[in-house]
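As structure tokens, one chain now follows by itself in the form predicted on its own.
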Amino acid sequence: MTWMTDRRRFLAAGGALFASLATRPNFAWAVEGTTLKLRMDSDFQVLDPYGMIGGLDDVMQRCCTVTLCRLSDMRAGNTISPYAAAKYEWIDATTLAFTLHDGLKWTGDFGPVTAEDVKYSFERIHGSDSAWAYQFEKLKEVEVKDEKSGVLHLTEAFKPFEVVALPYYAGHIVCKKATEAAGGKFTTEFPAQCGPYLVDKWEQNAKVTLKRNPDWPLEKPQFDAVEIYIVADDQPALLAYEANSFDFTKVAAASASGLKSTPPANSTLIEATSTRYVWLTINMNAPALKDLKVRQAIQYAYDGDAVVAGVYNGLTKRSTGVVQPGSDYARPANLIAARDVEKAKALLTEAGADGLKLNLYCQSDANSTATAQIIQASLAEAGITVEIQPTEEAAYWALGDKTQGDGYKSIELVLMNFAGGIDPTENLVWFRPDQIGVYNWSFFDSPEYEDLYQKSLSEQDTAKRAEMFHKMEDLMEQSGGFVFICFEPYLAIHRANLTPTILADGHPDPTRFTSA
């Protein structure tokens, strides 16, 4: 799961970073040499799979650690193939056997990657307080057969286990000896690495440089080095791309029409369906929002068409939940299907909330602030005054975090977006009761929702699972704690002779980029 991106302002000094990039003498077209240059929109924060947040956190792990299996490019159907596992075989619905490739070894003289490392990596997250513990909710144990071989035992059949748990995020394998020596967890420095690349240099909030791992025994990456530049906003990043500063960058929906009509020379535009979902959190625990009628007034006043047109250039549609549209599991429609400002006004009057004033927190990137401004304007038509609070990354993610004090109990409105997964459970997991004070910032607390979630994990019938997911999203909307906004379109641009690999979360896998 960044799983959350768009989190950091370009720079307080505006174009300072872009100016410095453009003047660097080595900024020739990178793929002509042996260095791949990519742009990400936020720096990494936690490299340990136990505590990682997403975005560059996971991209770094794709480069510097391994997983038993891995996903294909999202445009190729998200298929699974073995990776660190030379043998990867389902014995039955609850038993997965693996044997690791020979030659996989950790840096720092920590020896080979072992089945014990796999056991340690998965079982330390299973049942823990890690945000990713849900990925191994159905794991019973990892049985170690010998140094290279083991068996994953599940408590019951869970159809999407291998796409939810194994290819990324908590599925990354860490070195048991090195992690224990580091105190059991780590943050911004790998205690040991085993991947196609190794960390060479980190310039915080600016650039990460990776170099080829000379001891990597599997298929070699094409590039000797990868340079990842941190540029928060899409528009400055596009300008830097056009100045040949990057080989690949995500771009904003607002740039799509211009890039189609007059694309930069020798460039290819990617347009794809994204798993990134956007919604407005309405905190039902906040004093001003405890009345359901007030929350429903916000839902009725919201102008979804204006956001889709004004922020996303009409390249997406209003979403009906947090399950990806077009899938077998997407909810057919929102319960509140159309905007009704008069209804919103009436609900406020009934609740005695005329003259309501609320704070809306959002990240400080262009898309988030533009969306917040449209929300502000649409709610104003119903008589609700909204003060926008653009918030930088560290402070933003602390808003709903119960470990940071009691502030999470009283935040009012928050614009949020997560990178979704392949299975609906990966998107719905964050709104369970145990996520209150973690990522469930609405204080949505539904035993029925939790019961349906648990049943959906073991249900094998697609139609029955879809019915469960639809009901769960009904419960979310009926609570008044959510306004479903959209699934963002995925747009990126790259050099024409470059073939990128983009995973389901919308983030690149630099180890599989190739050039002609």
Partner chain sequence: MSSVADAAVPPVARAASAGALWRLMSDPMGAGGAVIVVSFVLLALFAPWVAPYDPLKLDVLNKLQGPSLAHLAGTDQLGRDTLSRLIWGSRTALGISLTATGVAGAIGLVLGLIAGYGPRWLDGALVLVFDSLSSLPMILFALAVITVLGPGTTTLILVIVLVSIPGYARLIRAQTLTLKTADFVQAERSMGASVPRILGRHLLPNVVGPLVIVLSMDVPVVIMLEAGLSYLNLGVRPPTPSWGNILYDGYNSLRQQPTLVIAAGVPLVLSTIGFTFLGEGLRDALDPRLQVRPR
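Everything numeric here is computed off the predicted structure, so don't read it as measured data. Residue numbers count along the first chain shown, from 1.
Note that the form predicted together with the partner chain isn't included here; everything after this is about it.
- Just one of 393, 227, 137, 365 comes within 4.5 Å of the partner chain in the predicted complex, counting any heavy atom, and that one is 365.
- Note on contacts: among 242, 143, 271, 180, the single residue with a heavy atom within 4.5 Å of the partner chain in the predicted complex is 242.
- Comment: 254 to 262 is the region of 90 to 98, 155 to 163, 254 to 262, 430 to 438 lying near the partner chain in the predicted complex, near meaning a non-hydrogen atom within 4.5 Å.
- With a 4.5 Å cutoff on heavy atoms, residue 112 does not count as touching the partner chain in the predicted complex; it lies far away.
- Remark: residue 218 does not count among the residues lining the partner chain in the predicted complex, judged by a heavy atom distance of 4.5 Å or less.
- Taking the partner from elsewhere, residue 306 is found to have a heavy atom lying within 4.5 Å of the partner chain in the predicted complex.
- Although the partner is absent here, residue 374 is a contact residue: one of its heavy atoms lies within 4.5 angstroms of the partner chain in the predicted complex.
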